[in-house]
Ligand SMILES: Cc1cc2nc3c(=O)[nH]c(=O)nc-3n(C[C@H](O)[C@H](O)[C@H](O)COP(=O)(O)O)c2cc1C
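Shown here is one chain on its own, the form predicted alone, set out as structure tokens.
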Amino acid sequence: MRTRVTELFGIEYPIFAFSHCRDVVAAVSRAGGMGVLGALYFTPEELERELTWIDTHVGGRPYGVDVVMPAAYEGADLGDADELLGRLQGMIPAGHRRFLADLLAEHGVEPSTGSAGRALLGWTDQTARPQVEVALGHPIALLANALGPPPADVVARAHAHGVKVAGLVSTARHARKQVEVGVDIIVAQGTEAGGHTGDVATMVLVPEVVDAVGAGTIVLAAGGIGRGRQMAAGLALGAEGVWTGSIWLTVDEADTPERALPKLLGATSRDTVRSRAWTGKPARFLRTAWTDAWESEQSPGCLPMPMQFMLIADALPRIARSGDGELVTFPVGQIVGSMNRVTPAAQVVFDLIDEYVEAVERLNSITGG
């Protein structure tokens, strides 16, 4: 299968697989797509270990790294990472802390015994830059930024290392801004997607973005893509490939939390909601008691990024291992309704391609091609 993006990276299939799990990244790349490791939740030292492992297990195939360098967030002007962390912790209102404590107690979540020192991780420019440094020290093929245009100097550094840069967008206006800073690949992500996403559907967004950036920029379709027919639709809309994420949460290699997996497998496409309850910016999650609580009349409201995640960071692992399980949620897109079995990552790649071919052949038969 040949598109501009397969030729650019020397991959067999124009399938990009975003995952926080190194095993998934390596498996997809070995299967002919491109795995992209989400760096957000790793310290620089942890990211170094993850990428070293991928280098050893990817079989010489290309892979990428995704960071989060938001264009706007609370405290962007507060200095280095240590100063930023301290100042922002002091800005979290006591009422929000009480609401969270009461919510956790209501669901039987164990008291905290850890530290909130990891609460920022990669959510800011200051904390993401060390992740970029680590990533560029490895033979990555792609550096992606998930929230807004990456800083121009980061784009230039990536290009100096021979690394292409991708930016995720939810509007045509955002896509044009990405092109202005030198981004090579635009990921047009519709509202169906998991994690941070806008409110325009993929079917509408992709052709708008393709037209906005012109023929010189490669566009990938994202949001609600987990079947070969959806992949064919993305390419029909003008994309050169697809960016996928949610479907890798239920593969054999995934490290999805034990309590979240059955919820994902049993969910329908109507069981997700866009909420600020995790990061402070709209993101799509499984709808659970957690998302409902933060949208309730009793809620003090969600804090701006990165303060909302700083507030809840210590609670998330406690929720995962204790309590009644009703608070367990997970970033996932509307494609979750089709994620009803656990299969190897390579099989997901091959199933995508098989159904894609069937869809194209069907269209050819209709047009007489």
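Numbering starts at 1 and follows the sequence shown. Please read all numbers here as calculations on a predicted model, not as lab measurements.
Same protein, other form: the form predicted in complex with the named molecule, not shown, and the subject of what follows.
Per-stretch contact check against the named molecule in the predicted complex, the hit in 290-298, 245-253, 268-276, 151-159 (non-hydrogen atom, 4.5 angstroms):
Partner-contacting stretch among the options: 245-253.
Taking the shortest heavy atom distance, is Gly195 within 4.5 Å of the named molecule in the predicted complex?
Yes, Gly195 lies within 4.5 Å of the named molecule in the predicted complex.
Going by a heavy atom distance of 4.5 Å, is Leu168 a contact of the named molecule in the predicted complex?
Yes.
With the partner left out here, check for me: in the predicted complex, does some heavy atom of Arg22 sit within 4.5 Å of the named molecule?
Heavy-atom contact with the named molecule at 4.5 Å: absent for Arg22.
Evaluate Val219 for contact with the named molecule in the predicted complex, applying a 4.5 angstroms cut-off between non-hydrogen atoms, and reply yes or no.
Val219: no contact with the named molecule in the predicted complex.
Hey, with the named molecule in the predicted complex, do Gly224, Phe330 and Gly333 all fall inside the 4.5 Å heavy atom range?
Verified in the predicted complex; spot residues all in contact, yes.
Report the residue, out of Leu88, Leu142, Ala146, Val132, that has at least one non-hydrogen atom within 4.5 angstroms of the named molecule in the predicted complex.
Checking each option against the named molecule in the predicted complex, the one that comes within 4.5 Å is Ala146.
Since exactly one of Leu40, Ile319, Cys302, Met310 fits, which has a heavy atom within 4.5 Å of the named molecule in the predicted complex?
Checked against the cut-off, the match is Leu40.
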